[in-house]
Structure formats: C-alpha cells, structure tokens
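Only one chain comes next, encoded as structure tokens, the form predicted on its own.
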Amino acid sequence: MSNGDQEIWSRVKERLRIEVGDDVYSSWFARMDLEANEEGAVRLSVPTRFLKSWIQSHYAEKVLACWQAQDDKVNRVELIVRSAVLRSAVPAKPVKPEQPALAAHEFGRFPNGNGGYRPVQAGDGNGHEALGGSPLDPRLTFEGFVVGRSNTLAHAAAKQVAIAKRTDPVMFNPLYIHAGVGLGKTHLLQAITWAGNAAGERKVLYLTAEKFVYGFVSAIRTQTALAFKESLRGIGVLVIDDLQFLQGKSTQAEFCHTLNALIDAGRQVVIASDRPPSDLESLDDRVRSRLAGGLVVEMGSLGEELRFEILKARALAARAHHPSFDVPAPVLAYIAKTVTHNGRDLEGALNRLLAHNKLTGHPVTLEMAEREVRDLIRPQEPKRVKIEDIQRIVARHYNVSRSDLLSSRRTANVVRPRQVAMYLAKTLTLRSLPEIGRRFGGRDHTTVLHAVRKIEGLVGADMALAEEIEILKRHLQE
C-alpha cells in the first residue's frame, strides 16, 4: 500500500468527520483502518463484527461517496474484521467469529469451577429471548485479573457484585467504573458476567453501549420495542460497557428509563466509561445524577510493579500454547519500565516478542525487546486536568470558596477569580463552552466566552495576572 493511498485515506476520514460530525465519527469510524486499495476496490478493517455490521447497514454509501470524492476510480468498499494476534497465545478458545451473538447458546462458554469450561445453556442468563448480549472473551475472568494499588477498590467492588446472592441487599447501585483506555474496565465487567452467571443466582447480561443502541434501533424497526424493554428489565444484573458511546436522544431516554426501572426494582447495574459521570456531556442531567448516586470508582494508571505482574501473567498464559516461548525476567522488567501507556500496549509488546520468537526461532533477548518495542515507548502524557481541580485551586489562591465561584455573586473579589477559573477550564481541558458554563453554576456559554476573552485581553497587558495564571497552571499540572 503506497503513501499516496494513506494520504487519500486521511482526506477521506476528514471528509467523513465533517459530514457525520465528531460524535458519530468517534463512535463508529475512529477505529477503522485502511488495509488495501486495489483495482477500484478499497478494503477497510474494523476491530469488531458489530462495528462492521453497523457501518455496512447505516454508512456504507456515505463511506463510498467520500472515497469517490477523493478517488473516482474507486467503485467498491469492502469491510473486514481485524484479528488479534495474542488471542492465539492463550489457552481458552475465542468465540467463533462467524457466529453472530444473537442468543445465549451462540456466543460463549462458562467456567465450570474445575479449570475448564462448559457450554452456555439457554437458561444461563447470558442472553435473552428479545436481546442477545455482547460476546464475552473467555480470558477475561477474575482469575486472570492482576490486582494492584490502582485497581484494588474497583476489583473488590466488582467481586462483591459478582458473588452477591439474589436475596442480598444491593450495596451500591449503580457501580460505575471509569478509567482511560486499556486499564482493565472491560476485563472487570466481563469477569462480573462470567462469575455471576456461573453462580447461577441471577441473570447477568453484558452489553456494550454500541450493542444497546443496535438492539434498541432494531427493536423499533421490527416493532418489538416492548419486548426489548421487558427483556432488559427482567435482567438480574445489567452490565453496560463503554457508556461514552451511547448516542441518540431516544436511545438515551430509553437507557434512562431502563436504569431507573432496574435500580428502583433492586436490580444491580454496572457501568464502565472512559470518564466520570459529570463529564458525560451528551447525557441528560438526570442520568448523570443517577449514575453519580451509586459507587463511582476510578481505576488509575498502571504502576511499574503492576505492569510487571501483568506481563508475567500474560507470558505464562502464552506458554500454555507455546512451551518454548520463554521471556527472561530482565526483558519483562525492561518492558514494564518503558511501555507505560496502558495494558494493551503491554499485550502488543508481548505479541511482538512471541511472533519474532515463533517465526525466526531466535530466543527472546533484551536486545530483541529493545528493537521490537521501541515504537511503543511513548512520551509521558501531561496530567489530565479536571474542572473541579481548577475551581478548588483557583478558590484557594484567591481566598474565596468554591461555592462563591459557582454562585451568582458579582462582587469584584469573586468575578475575577471566576473568570480566571473559566479561562483555565477552556485552555487546560477539552470541555466545551456550554459544558464549562454548566459546571460553573449553570451559566450560559456566552458568559464563559466573555470571561475567556476578558482574561486573554488582560494577560497581554497585566504582567502580574499573567504570572498568577502561570503559577496556577503549574499547580494544576503537578
């Protein structure tokens, strides 16, 4: 594939983003890659069957039109599903990719308690007559989860949910777990589903937000919306992954009704997202409030010791299929020290060592590791700044309270700190003007824009203010 093809693909993606909007693009197209462009046929890949099905059903013509606008020789776009290398390195067999996840017996197996697996039965609660769950990865169990300082609370809460009996009072509802990419959210949610269904106490249904949207839209099209709603509300434990991808007002309204109905009926709800409830700008205030009313747990970044333990566990799992695959401890320590971004990068590093070892027959050495994983060594990302931190630090610096910043008071000793805090929120976070206004006492976005422009104008002429803002920025990024 030539550099020219990649340049065209970049322009196609940009055109697609403009036509469908940032939110839709991020939900459905951000993980799409170009595989080939040959004789008028473009081959694109996505990581899941569900994404392939959704894009083919809803956006196939638009994707083709965007390509043809850049290259009129293209007459066909083909979608394929990417495969993952490491899945072949673990003992458990993955789900057969050719089988759609439409019923309980079609998409998984349960641990049998003796180290093996038994087939899923229709009554196991892993699916429902009107709604199939998302596929489960047999590797993602509590036994395979490595616990460290950054995820201890999330793991303990998830385990408590999984082992709870039908008659036990619900301790925290919903359980809301948030973390960045590759830090173990999906692993915990699927572990809850495996363990909960294996216990047989309650039906546990695992859904990605994408699958929830797909199920709801399909139910409306086939006029089975009532059955869809009843199916969800009959679940003992509803597990929703990647809530940030929940799109559409009607879908969000149905999710809100389902959430309320389950919680009010004493059913357990578990949710994962890449951000806390307060940062889910696309969701209604009532949904955010309900989500924040349970137990909200953040999973932090993986420390070096935890990364080392994860690598050890993954290498041991790989050796079950490849007995000659030996990774010396110094190599594991090197990867744990240098590959710091997330757990998926750790798996990627181990994939490369396994592939190199199996394809060349060369033993794994430190020199090989340094060569194979160098592009996974990323610069340290700056600290993610939260609006709550900005409000707290600005209030302390100017000797006012956080409630003063959120209030309607217009006295000079409050107005300036409030404007500074809004300015910092706009420059140090990715939050939109309306969202910042909402977080500052429900103000209009024009108020935030006025504050930002006011401080921008003053910084150039007032050296003391410019220095104050630099000090505040340093405190926030420490």
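Owing to the predicted nature of the structure, the values given are computational and were not obtained by experimental measurement. Start at 1 with the first residue shown and count on from there.
Omitted here: the form predicted in complex with a small molecule. The next part is about that form.
Residues with any non-hydrogen atom within 4.5 angstroms of the small molecule in the predicted bound form fall in just one of 167-175, 387-395, 181-189, 319-327: 181-189. The shortest heavy atom separation between residue 140 and the small molecule in the predicted bound form is within 4.5 Å. The small molecule is not drawn, but in the predicted bound form it has no heavy atom within 4.5 Å of residue 362. Mapping the unseen interface onto this chain, residue 314 counts among the residues with a heavy atom inside 4.5 Å of the small molecule in the predicted bound form. The shortest heavy atom separation between residue 298 and the small molecule in the predicted bound form exceeds 4.5 Å. Contact check for 146, 302 and 343: all three have a heavy atom within 4.5 Å of the small molecule in the predicted bound form. Out of the listed residues 210, 347, 279, 201, 347 is the one that sits within 4.5 Å of the small molecule in the predicted bound form by at least one heavy atom. This chain appears without its partner; in the predicted bound form, the one residue of 269, 246, 331, 310 with a heavy atom within 4.5 Å of the small molecule is 310.
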